[in-house]
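As a starting point, one isolated chain is supplied in structure tokens, in the form predicted on its own.
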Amino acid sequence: MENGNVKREGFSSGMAVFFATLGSAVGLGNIWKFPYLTGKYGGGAFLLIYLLCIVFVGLPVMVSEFYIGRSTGKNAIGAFTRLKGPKSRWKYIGSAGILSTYLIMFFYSCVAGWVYSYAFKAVLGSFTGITAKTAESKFTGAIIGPLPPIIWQIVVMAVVSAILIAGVKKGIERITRILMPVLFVLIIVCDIRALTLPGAFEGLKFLFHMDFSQLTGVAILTALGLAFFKLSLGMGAMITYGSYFTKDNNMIGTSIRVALSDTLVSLLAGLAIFPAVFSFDMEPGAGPGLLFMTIPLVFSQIPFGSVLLVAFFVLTSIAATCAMISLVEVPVAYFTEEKGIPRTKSVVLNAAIIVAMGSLAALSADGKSILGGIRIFGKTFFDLFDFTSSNILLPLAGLLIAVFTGFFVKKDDVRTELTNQGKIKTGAIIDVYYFIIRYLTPALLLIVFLYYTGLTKILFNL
């Protein structure tokens, strides 16, 4: 496929496809949010519900996005244009995806900057002898700034930009094939050490106890939301990556492997964090504070803790970087293919936009920040970017993708693409997928959308 005189790149193999898409799905939420919510809402019971939500929401939408991307070989907007024509309003699904990636990157690059700064401090040994008070002051200094959070945000975007400028194969593919295995090795090293601590069993109990009494309506809706958001769906990333897939890739198989591996990373992160947290009687529900205050404090008090702390924040940096690569690639692909902007210029332009707008998030992440007192609809810039993307645009885009694939694309076309022109014998699975994507997934995503916009409180009194 040609774009001007430049041949469009793609991934070289099924293994490259797997690592790249897994890198997109794995992010900072895997490190603290998923394990914490699993423990909070019933442990193994919540995990069971989450896996069911993956089946009925996450996997169907992921397969649909892969289909849209690979069948067209185009970016998030160009894919819908190719399928339904340039005047079709379906292209606005892609537009919503690109807008979502921008909004997410505005605040996500800020948080990734905190992670990078902590990895740097860990390497320098800055957490030696840390106390609860100094842990809090270090975190406050990292997020309030004003200069440190912006400087580290620029560093993050410089790293991501360098990878993207190298291209799909030499950049995205090469880096994710290296970093994903490294992430698994580092997280297992942290697991082994954490599980040998006194009281580690309480951490395991927090994660895996089967308590169905905790499965309230809110817990189930939380699992639904996680199943969708954690897999980078509704933001154009999987459509864009799908457009780089090889023609012999089993897209259903890839979706299943990515979903299961992403869940495994989350559980391994929990095994690294919660045994250590419970061993020192820390608060497991500290949210982001668990990552930036509790973990340095805990790891500094155990043998070889400084080495473990470096490993932990390096793996966290890897998770953040790989997720950001996939997000920034969405507008980069659009600018390159639809606007004719050379790739290097497209990357630099998007990085500049993200840093410029992201600085608003960086300077409003805390009430004591310079812009922390400014409120729009009652929210800081940081919270507004997060809420608008995660709670409105993503579930809405996912809902529309499900409706589009289920009702506005010929079933035979979907079957032909998903079976690689009949080479893969998955007819029964595709029939099940088609039923789910037409009826169950839209209904569940509609509920998620209503829940996150607060409308369920009015309609269902949840």
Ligand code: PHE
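For every residue, the number given is its place in the sequence shown, counted from 1. What you see is a predicted model; the values in this text were computed from it and never measured.
Omitted from view is the form predicted in complex with phenylalanine, to which the following refers.
task: Please determine, with the chain shown alone, which of 37-45, 431-439, 24-32, 416-424 has non-hydrogen atoms within 4.5 Å of phenylalanine in the predicted bound form.
output: Every other range fails; the passing one is 24-32.
Phenylalanine contact at residue 235 in the predicted bound form, heavy atom, 4.5 Å
Close contact exists here: in the predicted bound form, residue 235 approaches phenylalanine to within 4.5 Å, heavy atoms only.
Whether residue 299 contacts phenylalanine in the predicted bound form should be assessed with a 4.5 Å heavy atom distance threshold; does it? Flag for residue 299 set to no.
Can any non-hydrogen atom of residue 323 be found within 4.5 angstroms of phenylalanine in the predicted bound form? Result yes; residue 323 sits at the interface with phenylalanine in the predicted bound form.
Requested in this report: Tell me, yes or no, whether residue 327 is in contact with phenylalanine in the predicted bound form, where a contact means a heavy atom of each within 4.5 Å.
Outcome: Taking the distances in the predicted bound form, the answer for residue 327 is yes, it comes within 4.5 Å of phenylalanine.
Task: Proximity to phenylalanine in the predicted bound form, single hit among 114, 108, 382, 313 (heavy atom within 4.5 Å) - done: Only one option qualifies, and that one is 108.
Requested in this report: Scan 271, 258, 104, 168 and let me know which has any heavy atom within 4.5 Å of phenylalanine in the predicted bound form.
Outcome: The residue in contact is 104.
Between 249-282 and phenylalanine in the predicted bound form, list the residues on our side with a heavy atom within 4.5 Å.
The stretch 249-282, when checked against phenylalanine in the predicted bound form, contributes no residue at the 4.5 Å heavy-atom cut-off.
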